[in-house]
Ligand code: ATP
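Taking the form predicted alone, here's one chain by itself in C-alpha coordinates.
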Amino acid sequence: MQDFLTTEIARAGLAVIQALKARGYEAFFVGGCVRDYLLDIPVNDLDIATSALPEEVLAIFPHSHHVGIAFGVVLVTHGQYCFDVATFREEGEYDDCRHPQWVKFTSARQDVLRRDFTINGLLFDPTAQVGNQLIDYVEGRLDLDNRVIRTIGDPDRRFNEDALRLLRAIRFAVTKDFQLDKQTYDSICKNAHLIAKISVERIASELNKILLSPRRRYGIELLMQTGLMDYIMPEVTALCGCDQSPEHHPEGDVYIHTCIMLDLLNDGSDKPTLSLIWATLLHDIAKPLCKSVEENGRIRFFGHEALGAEVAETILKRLKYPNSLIDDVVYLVKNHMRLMNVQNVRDSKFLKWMAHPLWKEELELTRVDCASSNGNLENYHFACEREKSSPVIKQLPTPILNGRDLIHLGLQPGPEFKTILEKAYDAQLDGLVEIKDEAIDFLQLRH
(Lines give C-alpha, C1' and ligand atoms only; values in the text may rest on other atoms or scores of the structure.)
Protein backbone atom coordinates (compact mmCIF):
# COMPACT_ATOMS: atom_id res chain seq x y z
CA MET A 1 0.00 0.00 0.00
CA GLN A 2 2.99 2.31 0.46
CA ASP A 3 3.31 2.83 -3.31
CA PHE A 4 -0.31 3.92 -3.49
CA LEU A 5 0.06 6.32 -0.56
CA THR A 6 3.01 8.04 -2.21
CA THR A 7 0.98 9.08 -5.27
CA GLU A 8 -0.06 12.72 -5.43
CA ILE A 9 -3.78 11.98 -5.41
CA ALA A 10 -3.45 9.66 -2.39
CA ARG A 11 -1.44 12.26 -0.47
CA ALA A 12 -4.12 14.86 -1.19
CA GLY A 13 -6.85 12.45 -0.09
CA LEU A 14 -4.85 11.56 3.02
CA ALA A 15 -4.70 15.25 3.95
CA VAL A 16 -8.50 15.46 3.76
CA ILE A 17 -8.89 12.34 5.92
CA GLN A 18 -6.37 13.63 8.47
CA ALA A 19 -8.27 16.93 8.73
CA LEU A 20 -11.51 15.03 9.43
CA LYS A 21 -9.93 12.65 11.94
CA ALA A 22 -8.18 15.54 13.75
CA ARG A 23 -11.65 16.80 14.65
CA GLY A 24 -12.76 13.43 15.96
CA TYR A 25 -14.56 12.04 12.92
CA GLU A 26 -14.10 8.69 11.22
CA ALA A 27 -12.94 8.88 7.61
CA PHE A 28 -11.90 6.28 5.04
CA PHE A 29 -11.10 5.80 1.40
CA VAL A 30 -13.99 3.76 0.02
CA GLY A 31 -15.21 1.88 -3.02
CA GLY A 32 -13.52 1.71 -6.39
CA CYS A 33 -10.23 3.27 -5.35
CA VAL A 34 -9.68 0.58 -2.70
CA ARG A 35 -10.77 -2.14 -5.10
CA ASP A 36 -8.46 -0.97 -7.88
CA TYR A 37 -5.49 -0.57 -5.57
CA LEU A 38 -5.88 -4.16 -4.34
CA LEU A 39 -6.14 -5.30 -7.98
CA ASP A 40 -2.92 -3.42 -8.76
CA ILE A 41 -4.77 -1.05 -11.09
CA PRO A 42 -3.70 2.65 -11.13
CA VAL A 43 -6.03 4.77 -9.00
CA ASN A 44 -7.12 8.01 -10.66
CA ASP A 45 -10.16 8.83 -8.55
CA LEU A 46 -10.74 8.75 -4.78
CA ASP A 47 -13.94 8.76 -2.75
CA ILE A 48 -14.03 9.38 0.99
CA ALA A 49 -16.67 8.24 3.47
CA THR A 50 -16.94 9.90 6.87
CA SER A 51 -19.01 10.11 10.05
CA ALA A 52 -18.96 13.92 9.76
CA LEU A 53 -22.29 15.45 8.76
CA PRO A 54 -22.36 17.57 5.59
CA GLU A 55 -22.45 20.85 7.50
CA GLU A 56 -19.49 19.68 9.59
CA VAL A 57 -17.52 18.85 6.43
CA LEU A 58 -18.38 22.29 5.05
CA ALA A 59 -17.14 23.90 8.27
CA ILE A 60 -13.80 22.09 8.07
CA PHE A 61 -13.39 22.82 4.35
CA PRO A 62 -15.01 26.26 3.83
CA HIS A 63 -14.24 26.34 0.10
CA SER A 64 -16.11 23.09 -0.54
CA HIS A 65 -19.72 22.85 -1.66
CA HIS A 66 -22.65 20.43 -1.77
CA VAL A 67 -23.03 18.23 -4.85
CA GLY A 68 -25.72 15.97 -3.40
CA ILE A 69 -27.48 17.58 -0.48
CA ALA A 70 -30.04 14.78 -0.09
CA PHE A 71 -27.29 12.17 0.03
CA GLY A 72 -24.84 14.05 2.23
CA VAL A 73 -22.16 14.44 -0.43
CA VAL A 74 -19.76 17.38 -0.31
CA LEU A 75 -17.15 18.19 -2.97
CA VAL A 76 -13.86 18.96 -1.22
CA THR A 77 -10.90 20.41 -3.07
CA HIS A 78 -7.32 19.91 -1.97
CA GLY A 79 -4.69 21.31 -4.31
CA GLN A 80 -5.49 20.19 -7.85
CA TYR A 81 -7.70 17.32 -6.71
CA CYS A 82 -11.39 17.14 -5.89
CA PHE A 83 -12.96 14.47 -3.70
CA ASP A 84 -16.52 13.40 -3.03
CA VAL A 85 -16.76 13.28 0.76
CA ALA A 86 -19.95 11.45 1.74
CA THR A 87 -21.48 11.00 5.17
CA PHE A 88 -22.17 7.39 6.16
CA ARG A 89 -25.80 6.75 5.26
CA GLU A 90 -28.64 4.25 5.10
CA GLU A 91 -31.35 4.35 2.45
CA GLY A 92 -35.04 3.44 2.45
CA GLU A 93 -36.98 1.49 -0.14
CA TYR A 94 -36.72 2.57 -3.77
CA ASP A 95 -39.80 3.56 -5.80
CA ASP A 96 -38.27 3.91 -9.26
CA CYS A 97 -35.14 1.71 -9.34
CA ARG A 98 -33.13 4.88 -8.83
CA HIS A 99 -34.11 7.08 -5.86
CA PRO A 100 -34.63 5.99 -2.22
CA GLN A 101 -37.69 7.13 -0.29
CA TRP A 102 -35.48 8.40 2.52
CA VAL A 103 -31.86 8.76 3.57
CA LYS A 104 -30.52 8.89 7.12
CA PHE A 105 -26.97 9.20 8.36
CA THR A 106 -25.54 6.17 10.13
CA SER A 107 -22.42 4.11 10.85
CA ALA A 108 -19.59 2.95 8.58
CA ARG A 109 -20.86 -0.63 8.64
CA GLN A 110 -24.40 0.33 7.66
CA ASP A 111 -23.04 2.55 4.92
CA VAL A 112 -21.16 -0.38 3.42
CA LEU A 113 -24.19 -2.68 3.62
CA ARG A 114 -26.27 -0.45 1.32
CA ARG A 115 -23.62 -0.46 -1.45
CA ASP A 116 -23.80 -2.55 -4.63
CA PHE A 117 -21.06 -5.21 -4.81
CA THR A 118 -18.71 -6.68 -2.22
CA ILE A 119 -15.63 -5.63 -4.17
CA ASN A 120 -16.87 -2.02 -3.91
CA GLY A 121 -17.63 -2.27 -0.19
CA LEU A 122 -14.10 -2.09 1.19
CA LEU A 123 -12.92 0.71 3.49
CA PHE A 124 -9.30 1.77 3.83
CA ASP A 125 -7.85 3.87 6.64
CA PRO A 126 -4.55 5.35 5.41
CA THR A 127 -3.72 6.60 8.92
CA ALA A 128 -3.79 3.14 10.52
CA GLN A 129 -0.83 0.85 11.01
CA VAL A 130 0.03 -1.48 8.14
CA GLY A 131 -2.10 -4.60 8.48
CA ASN A 132 -4.99 -2.75 10.09
CA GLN A 133 -5.78 -0.39 7.25
CA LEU A 134 -8.36 -2.50 5.40
CA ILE A 135 -11.85 -2.78 6.87
CA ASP A 136 -14.02 -5.46 5.29
CA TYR A 137 -17.59 -6.03 6.50
CA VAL A 138 -18.74 -8.01 3.44
CA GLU A 139 -15.87 -10.37 2.52
CA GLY A 140 -15.00 -8.15 -0.39
CA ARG A 141 -11.31 -9.03 -0.17
CA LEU A 142 -12.17 -12.73 -0.53
CA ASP A 143 -14.26 -12.00 -3.64
CA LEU A 144 -11.40 -9.93 -5.04
CA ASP A 145 -9.03 -12.82 -4.52
CA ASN A 146 -11.49 -15.26 -6.11
CA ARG A 147 -12.34 -12.77 -8.87
CA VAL A 148 -16.08 -12.92 -8.23
CA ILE A 149 -18.77 -10.24 -8.65
CA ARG A 150 -21.30 -10.63 -5.83
CA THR A 151 -23.92 -8.23 -4.56
CA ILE A 152 -23.89 -7.10 -0.96
CA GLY A 153 -26.87 -8.84 0.60
CA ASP A 154 -29.96 -9.84 -1.37
CA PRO A 155 -29.27 -9.34 -5.12
CA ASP A 156 -32.95 -8.82 -5.94
CA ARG A 157 -33.07 -5.93 -3.52
CA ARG A 158 -29.82 -4.42 -4.80
CA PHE A 159 -31.03 -4.49 -8.42
CA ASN A 160 -34.45 -3.11 -7.54
CA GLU A 161 -32.76 -0.22 -5.75
CA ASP A 162 -30.85 0.79 -8.88
CA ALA A 163 -31.41 -1.24 -12.03
CA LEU A 164 -28.25 0.15 -13.61
CA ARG A 165 -26.45 -2.27 -11.31
CA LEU A 166 -27.58 -5.02 -13.69
CA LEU A 167 -25.26 -3.55 -16.30
CA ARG A 168 -22.59 -2.52 -13.83
CA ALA A 169 -22.25 -6.12 -12.66
CA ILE A 170 -21.55 -7.21 -16.22
CA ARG A 171 -19.24 -4.27 -16.82
CA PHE A 172 -17.14 -5.14 -13.76
CA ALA A 173 -17.02 -8.81 -14.79
CA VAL A 174 -15.82 -7.79 -18.25
CA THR A 175 -13.36 -5.02 -17.44
CA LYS A 176 -11.87 -6.66 -14.32
CA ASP A 177 -11.83 -10.20 -15.75
CA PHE A 178 -14.16 -11.56 -13.06
CA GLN A 179 -16.98 -14.10 -13.01
CA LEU A 180 -20.51 -13.45 -11.79
CA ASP A 181 -21.54 -15.20 -8.60
CA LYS A 182 -24.36 -17.65 -9.44
CA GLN A 183 -26.95 -16.01 -7.19
CA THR A 184 -26.06 -12.62 -8.62
CA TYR A 185 -26.22 -13.97 -12.18
CA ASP A 186 -29.61 -15.62 -11.58
CA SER A 187 -30.95 -12.38 -10.16
CA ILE A 188 -29.78 -10.40 -13.21
CA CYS A 189 -31.72 -12.84 -15.42
CA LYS A 190 -34.78 -12.52 -13.20
CA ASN A 191 -34.68 -8.74 -13.08
CA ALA A 192 -33.44 -7.95 -16.59
CA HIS A 193 -36.72 -6.17 -17.41
CA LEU A 194 -35.89 -3.48 -14.87
CA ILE A 195 -33.22 -2.03 -17.17
CA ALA A 196 -36.05 -0.46 -19.16
CA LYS A 197 -36.53 1.98 -16.26
CA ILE A 198 -33.01 3.38 -16.66
CA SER A 199 -32.20 6.37 -18.86
CA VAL A 200 -30.57 5.51 -22.18
CA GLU A 201 -27.69 7.87 -21.42
CA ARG A 202 -26.70 5.84 -18.35
CA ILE A 203 -27.09 2.60 -20.31
CA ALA A 204 -24.92 3.91 -23.15
CA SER A 205 -22.20 4.93 -20.69
CA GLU A 206 -21.99 1.36 -19.36
CA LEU A 207 -22.12 -0.12 -22.86
CA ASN A 208 -19.17 2.03 -23.91
CA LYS A 209 -17.03 0.67 -21.08
CA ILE A 210 -18.00 -2.91 -21.97
CA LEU A 211 -17.34 -2.45 -25.69
CA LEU A 212 -14.01 -0.70 -25.22
CA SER A 213 -12.73 -3.59 -23.11
CA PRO A 214 -10.68 -6.29 -24.88
CA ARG A 215 -13.20 -8.75 -23.37
CA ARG A 216 -16.10 -7.09 -25.20
CA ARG A 217 -17.25 -10.40 -26.63
CA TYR A 218 -17.74 -11.77 -23.12
CA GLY A 219 -19.79 -8.66 -22.33
CA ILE A 220 -22.08 -9.14 -25.32
CA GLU A 221 -22.47 -12.82 -24.45
CA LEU A 222 -23.45 -11.96 -20.87
CA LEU A 223 -25.97 -9.39 -22.11
CA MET A 224 -27.48 -12.07 -24.33
CA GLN A 225 -27.44 -14.84 -21.73
CA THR A 226 -29.02 -12.72 -19.00
CA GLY A 227 -31.75 -11.35 -21.27
CA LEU A 228 -30.62 -7.74 -20.87
CA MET A 229 -30.02 -7.49 -24.61
CA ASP A 230 -33.74 -8.07 -25.22
CA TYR A 231 -34.46 -4.74 -23.53
CA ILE A 232 -31.43 -2.77 -24.74
CA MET A 233 -30.95 -3.90 -28.36
CA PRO A 234 -33.46 -6.56 -29.43
CA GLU A 235 -32.06 -6.17 -32.95
CA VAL A 236 -28.86 -7.86 -31.73
CA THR A 237 -30.84 -10.65 -30.10
CA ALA A 238 -32.37 -11.35 -33.53
CA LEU A 239 -28.91 -12.20 -34.90
CA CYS A 240 -28.90 -15.39 -32.83
CA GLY A 241 -30.26 -18.23 -34.96
CA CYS A 242 -30.04 -16.30 -38.22
CA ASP A 243 -28.34 -18.98 -40.32
CA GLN A 244 -25.85 -18.26 -43.10
CA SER A 245 -24.59 -20.31 -46.04
CA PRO A 246 -21.96 -22.76 -44.72
CA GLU A 247 -19.69 -22.28 -47.75
CA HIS A 248 -19.26 -18.60 -46.92
CA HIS A 249 -19.78 -18.75 -43.16
CA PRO A 250 -18.67 -22.09 -41.74
CA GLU A 251 -18.40 -20.47 -38.32
CA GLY A 252 -22.17 -20.41 -37.82
CA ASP A 253 -25.02 -17.93 -37.59
CA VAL A 254 -24.78 -14.14 -37.72
CA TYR A 255 -24.49 -13.82 -33.94
CA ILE A 256 -21.52 -16.21 -33.71
CA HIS A 257 -19.91 -14.47 -36.69
CA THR A 258 -20.27 -11.09 -34.96
CA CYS A 259 -18.89 -12.37 -31.66
CA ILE A 260 -15.80 -13.75 -33.37
CA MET A 261 -15.27 -10.40 -35.07
CA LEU A 262 -15.45 -8.57 -31.74
CA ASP A 263 -12.68 -10.86 -30.47
CA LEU A 264 -10.54 -10.39 -33.57
CA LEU A 265 -10.46 -6.62 -33.09
CA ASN A 266 -7.90 -7.31 -30.36
CA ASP A 267 -5.48 -8.64 -33.00
CA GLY A 268 -5.23 -5.33 -34.85
CA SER A 269 -2.17 -3.13 -34.74
CA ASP A 270 -4.14 -0.25 -33.22
CA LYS A 271 -6.60 -0.09 -30.36
CA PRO A 272 -10.08 -0.13 -31.96
CA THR A 273 -12.10 3.07 -31.81
CA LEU A 274 -15.60 3.08 -30.34
CA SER A 275 -16.98 3.76 -33.83
CA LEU A 276 -15.25 0.69 -35.24
CA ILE A 277 -16.46 -1.49 -32.37
CA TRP A 278 -20.04 -0.36 -32.82
CA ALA A 279 -19.78 -0.88 -36.59
CA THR A 280 -18.47 -4.39 -35.96
CA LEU A 281 -21.36 -5.19 -33.64
CA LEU A 282 -23.94 -3.75 -36.06
CA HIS A 283 -22.42 -4.47 -39.49
CA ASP A 284 -24.83 -7.36 -40.19
CA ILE A 285 -27.68 -6.07 -38.05
CA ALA A 286 -30.15 -6.13 -40.98
CA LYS A 287 -29.41 -9.69 -42.11
CA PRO A 288 -32.47 -11.13 -40.30
CA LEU A 289 -34.60 -8.58 -42.20
CA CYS A 290 -33.00 -9.28 -45.58
CA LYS A 291 -32.68 -13.04 -45.44
CA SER A 292 -33.88 -15.09 -48.43
CA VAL A 293 -33.32 -18.72 -49.39
CA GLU A 294 -32.90 -19.77 -53.02
CA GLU A 295 -34.29 -22.99 -54.46
CA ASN A 296 -30.90 -24.65 -54.16
CA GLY A 297 -30.85 -23.78 -50.46
CA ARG A 298 -28.32 -20.97 -50.68
CA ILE A 299 -28.99 -18.20 -48.19
CA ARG A 300 -28.78 -14.59 -49.40
CA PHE A 301 -28.93 -11.21 -47.69
CA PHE A 302 -29.42 -8.75 -50.56
CA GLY A 303 -29.15 -5.11 -49.53
CA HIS A 304 -28.29 -5.81 -45.91
CA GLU A 305 -25.54 -3.15 -45.97
CA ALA A 306 -27.84 -0.27 -46.88
CA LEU A 307 -30.67 -1.38 -44.60
CA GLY A 308 -28.14 -2.17 -41.89
CA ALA A 309 -26.92 1.43 -41.98
CA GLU A 310 -30.51 2.58 -41.38
CA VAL A 311 -31.04 0.13 -38.51
CA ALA A 312 -27.71 1.08 -36.94
CA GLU A 313 -28.70 4.73 -37.07
CA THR A 314 -32.02 3.94 -35.42
CA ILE A 315 -30.35 2.00 -32.59
CA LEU A 316 -27.71 4.62 -31.86
CA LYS A 317 -30.20 7.47 -31.98
CA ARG A 318 -32.40 5.55 -29.57
CA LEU A 319 -29.42 5.33 -27.21
CA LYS A 320 -28.78 9.06 -27.76
CA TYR A 321 -25.24 8.75 -29.05
CA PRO A 322 -23.62 11.89 -30.50
CA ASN A 323 -24.23 12.52 -34.20
CA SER A 324 -20.52 12.29 -34.96
CA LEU A 325 -20.35 8.68 -33.77
CA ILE A 326 -23.64 7.80 -35.47
CA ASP A 327 -22.38 9.19 -38.79
CA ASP A 328 -19.17 7.18 -38.55
CA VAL A 329 -20.93 3.92 -37.72
CA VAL A 330 -23.52 4.41 -40.46
CA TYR A 331 -20.74 5.02 -43.01
CA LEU A 332 -18.84 1.90 -41.97
CA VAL A 333 -21.90 -0.35 -41.93
CA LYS A 334 -23.09 0.93 -45.29
CA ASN A 335 -19.69 0.34 -46.92
CA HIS A 336 -18.46 -2.76 -45.12
CA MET A 337 -18.83 -4.97 -48.23
CA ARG A 338 -17.32 -2.78 -50.90
CA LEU A 339 -13.70 -3.93 -50.57
CA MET A 340 -14.80 -7.26 -52.00
CA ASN A 341 -14.51 -5.45 -55.36
CA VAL A 342 -11.23 -3.71 -54.59
CA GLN A 343 -9.30 -5.64 -57.26
CA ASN A 344 -11.52 -4.26 -60.02
CA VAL A 345 -12.10 -0.61 -59.07
CA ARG A 346 -10.33 2.22 -60.88
CA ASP A 347 -7.67 4.30 -59.18
CA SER A 348 -10.03 7.24 -58.93
CA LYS A 349 -12.52 5.32 -56.79
CA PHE A 350 -9.82 3.73 -54.65
CA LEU A 351 -8.20 7.11 -53.98
CA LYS A 352 -11.58 8.46 -52.86
CA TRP A 353 -11.91 5.53 -50.47
CA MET A 354 -8.41 6.10 -49.10
CA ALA A 355 -9.00 9.80 -48.60
CA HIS A 356 -11.94 9.20 -46.28
CA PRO A 357 -11.14 9.75 -42.56
CA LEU A 358 -12.52 6.29 -41.75
CA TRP A 359 -10.36 4.40 -44.27
CA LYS A 360 -8.31 2.64 -41.57
CA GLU A 361 -11.48 1.56 -39.76
CA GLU A 362 -12.97 0.33 -43.04
CA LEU A 363 -9.86 -1.76 -43.68
CA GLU A 364 -9.96 -3.23 -40.18
CA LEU A 365 -13.66 -4.01 -40.44
CA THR A 366 -12.95 -5.87 -43.68
CA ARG A 367 -10.13 -7.81 -42.03
CA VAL A 368 -12.16 -9.08 -39.09
CA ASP A 369 -15.21 -9.73 -41.29
CA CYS A 370 -13.25 -12.00 -43.64
CA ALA A 371 -11.12 -13.61 -40.94
CA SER A 372 -14.19 -14.57 -38.92
CA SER A 373 -15.95 -16.25 -41.84
CA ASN A 374 -14.18 -18.16 -44.61
CA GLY A 375 -10.76 -16.81 -43.64
CA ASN A 376 -10.08 -15.48 -47.15
CA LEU A 377 -8.12 -12.26 -46.66
CA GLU A 378 -7.12 -11.84 -50.31
CA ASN A 379 -9.11 -8.64 -50.84
CA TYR A 380 -7.91 -7.19 -47.54
CA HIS A 381 -4.25 -7.83 -48.36
CA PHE A 382 -4.76 -6.53 -51.91
CA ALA A 383 -6.21 -3.31 -50.52
CA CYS A 384 -3.27 -2.93 -48.11
CA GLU A 385 -0.74 -3.44 -50.91
CA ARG A 386 -2.63 -1.11 -53.23
CA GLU A 387 -2.63 1.51 -50.53
CA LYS A 388 1.17 1.21 -50.21
CA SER A 389 1.64 1.72 -53.94
CA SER A 390 -0.84 4.60 -54.17
CA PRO A 391 0.06 8.26 -53.71
CA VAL A 392 0.05 9.43 -50.10
CA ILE A 393 -3.18 11.40 -49.84
CA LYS A 394 -4.28 13.28 -46.75
CA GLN A 395 -6.99 14.92 -48.79
CA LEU A 396 -8.07 14.68 -52.41
CA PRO A 397 -6.64 17.24 -54.89
CA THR A 398 -8.70 20.17 -56.09
CA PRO A 399 -10.57 19.33 -59.32
CA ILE A 400 -8.99 20.73 -62.46
CA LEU A 401 -12.37 21.61 -63.97
CA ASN A 402 -15.32 23.39 -62.41
CA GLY A 403 -18.76 24.55 -63.51
CA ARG A 404 -17.48 27.83 -64.95
CA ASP A 405 -15.20 25.88 -67.30
CA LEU A 406 -18.19 23.95 -68.63
CA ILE A 407 -20.11 27.17 -69.23
CA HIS A 408 -17.14 28.56 -71.21
CA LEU A 409 -17.34 25.42 -73.34
CA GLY A 410 -20.90 26.39 -74.22
CA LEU A 411 -22.72 23.92 -72.00
CA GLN A 412 -25.90 24.96 -70.25
CA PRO A 413 -25.99 24.57 -66.45
CA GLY A 414 -28.17 21.64 -65.39
CA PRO A 415 -28.28 18.23 -63.71
CA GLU A 416 -25.71 16.83 -66.16
CA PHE A 417 -23.04 19.19 -64.83
CA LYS A 418 -22.42 16.98 -61.77
CA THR A 419 -22.01 13.83 -63.89
CA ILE A 420 -19.66 15.53 -66.35
CA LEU A 421 -17.52 17.02 -63.61
CA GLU A 422 -17.32 13.67 -61.82
CA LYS A 423 -16.07 12.02 -65.02
CA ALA A 424 -13.42 14.70 -65.42
CA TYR A 425 -12.39 14.38 -61.79
CA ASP A 426 -12.16 10.58 -62.01
CA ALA A 427 -9.94 10.95 -65.07
CA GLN A 428 -7.76 13.34 -63.07
CA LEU A 429 -7.47 10.86 -60.18
CA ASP A 430 -6.78 8.02 -62.63
CA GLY A 431 -3.84 10.03 -64.01
CA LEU A 432 -5.40 10.33 -67.49
CA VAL A 433 -5.36 14.13 -67.37
CA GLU A 434 -3.09 16.54 -65.52
CA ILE A 435 -4.00 20.01 -66.79
CA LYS A 436 -7.20 21.79 -67.76
CA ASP A 437 -6.69 21.53 -71.53
CA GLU A 438 -6.24 17.76 -71.25
CA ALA A 439 -9.41 17.53 -69.16
CA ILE A 440 -11.35 19.51 -71.78
CA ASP A 441 -10.03 17.29 -74.57
CA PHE A 442 -10.99 14.23 -72.52
CA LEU A 443 -14.57 15.45 -72.16
CA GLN A 444 -14.92 16.51 -75.78
CA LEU A 445 -13.96 13.03 -76.92
CA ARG A 446 -16.83 11.65 -74.83
CA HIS A 447 -19.56 14.22 -75.45
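In this text, residue numbers run from 1 along the sequence as written. Here the structure is a predicted model, which is why all the values come from computation and not from measurement.
The protein also exists as the form predicted in complex with the ligand; that form is not presented, and the subsequent description refers to it.
When the ligand is considered in the model of the complex, only one residue from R216, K287, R171, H336 comes within 4.5 Å through any heavy atom, namely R171.
Among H257, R150, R115, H304, the residue placing a heavy atom within 4.5 Å of the ligand in the model of the complex is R115. Across the options 127 to 135, 157 to 165, 279 to 287, 365 to 373, residues that bring heavy atoms within 4.5 Å of the ligand in the model of the complex belong to 157 to 165. The ligand is not drawn, but in the model of the complex it has no heavy atom within 4.5 Å of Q244. Remark: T184 does not count among the residues lining the ligand in the model of the complex, judged by a heavy atom distance of 4.5 Å or less. Contact check for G31: a non-hydrogen atom falls within 4.5 Å of the ligand in the model of the complex. Interface residue remark: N120 is counted as part of the site for the ligand in the model of the complex, having a heavy atom within 4.5 Å. Along 24 to 63, a non-hydrogen atom within 4.5 Å of the ligand in the model of the complex is carried by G31, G32, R35, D36, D45, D47, in order along the sequence.
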